[in-house]
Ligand SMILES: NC(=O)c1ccc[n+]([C@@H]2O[C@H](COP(=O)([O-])OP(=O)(O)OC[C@H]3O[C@@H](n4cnc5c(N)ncnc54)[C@H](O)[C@@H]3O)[C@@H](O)[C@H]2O)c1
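Have a look below at one chain only, the form predicted alone, in structure tokens format.
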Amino acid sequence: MGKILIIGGGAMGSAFSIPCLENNNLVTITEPYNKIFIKNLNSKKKFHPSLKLYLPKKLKFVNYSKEIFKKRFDLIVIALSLAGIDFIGKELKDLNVKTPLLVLTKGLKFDKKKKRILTISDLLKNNYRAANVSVLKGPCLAKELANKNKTSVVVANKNIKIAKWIGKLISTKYYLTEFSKDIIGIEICSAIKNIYAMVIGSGQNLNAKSDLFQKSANEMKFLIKYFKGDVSTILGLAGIGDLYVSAIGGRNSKMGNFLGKGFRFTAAKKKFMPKDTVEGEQLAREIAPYILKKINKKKIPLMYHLLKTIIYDRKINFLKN
């Protein structure tokens, strides 16, 4: 049993609290931004509008403030959007927090000054002096986890003992954990699969989708190697496991379908998905300045063309190749 603080009351952070509680941990959740989540998490019934269920009564909610970090926790879980990573990183740095961190957030950041791509763990370590960062990735849909459907994820840390310690804290009969030292490869896979889910979604029949899936996996393998991760990671939960889940459904695949039908991104977003966040689009805009300039387009033609499709609001064209 441990004391766990979850920062982020969205679907994934809240769903993650369920196996943590079921494993007899004392779990506290806080939400810095979203007023709707704050209101619902602070209520007696704790109904979560995104998950469409009542969270366990044992889940403790506290309003976000720096005072939270004065309390002792065994593990701090970061479940914010990518935009919130710099905010929480600065908070943890200013308060010199040494508690082990577990990052659920998926994404990459482009360091404009050093002109390089950073994983979230690198960002927290390099920019905010975080000393003990693990990441949790894999094919995990928040609603399925919240309903206790069987889910497998991978916890990564260069120190495998720490990863396994976290696994003992959070694992249940339905929430299964695997472990990896390849924190870079795990993070690269879990981020870029959102872009490749759009690529695969653009196929207008199963034969086309299958072809795009195979080519996407090969490009992911190249990119993992390029960023000095372990290429075998592509075969794991954070690689083709997560890519499969994202490709058969979800917002990125849905947007890819509209692109494949000939819509430009802005038109499809406005007409079909005006209120949806498309993570692959956000990532594309973040990493495009680096990818389009630094990597040979012949090595990653699908990624290259999709980035240009989004950045320049063009019609997709790699399907014609």
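Source: prediction; values computed, not measured. One rule holds for the numbers: they count along the sequence shown, beginning at 1.
There is another form of this protein, the form predicted in complex with the ligand, and it is not shown here; the text below is about that form.
- Mapping the unseen interface onto this chain, residue 34 counts among the residues with a heavy atom inside 4.5 Å of the ligand in the predicted bound form.
- Put simply, residue 300 is far from the ligand in the predicted bound form: not one heavy atom of it is within 4.5 Å.
- Interface membership of residue 83, defined by any non-hydrogen atom within 4.5 Å of the ligand in the predicted bound form, is confirmed.
- At the 4.5 Å threshold, heavy atoms of residue 307 stay clear of the ligand in the predicted bound form, well away from it.
- Checked against the ligand in the predicted bound form, the residues 79, 155, 247, 124 give one hit for a heavy atom within 4.5 Å, which is 79.
- Checking 104, 195, 163, 223 against the ligand in the predicted bound form, a heavy atom within 4.5 Å turns up for just one residue: 104.
- Look at 178-186, 224-232, 105-113, 164-172: in the predicted bound form, residues with non-hydrogen atoms within 4.5 angstroms of the ligand sit in 105-113.
- Along 116-142, residues 136, 137, 138, 140 each place a heavy atom within 4.5 Å of the ligand in the predicted bound form.
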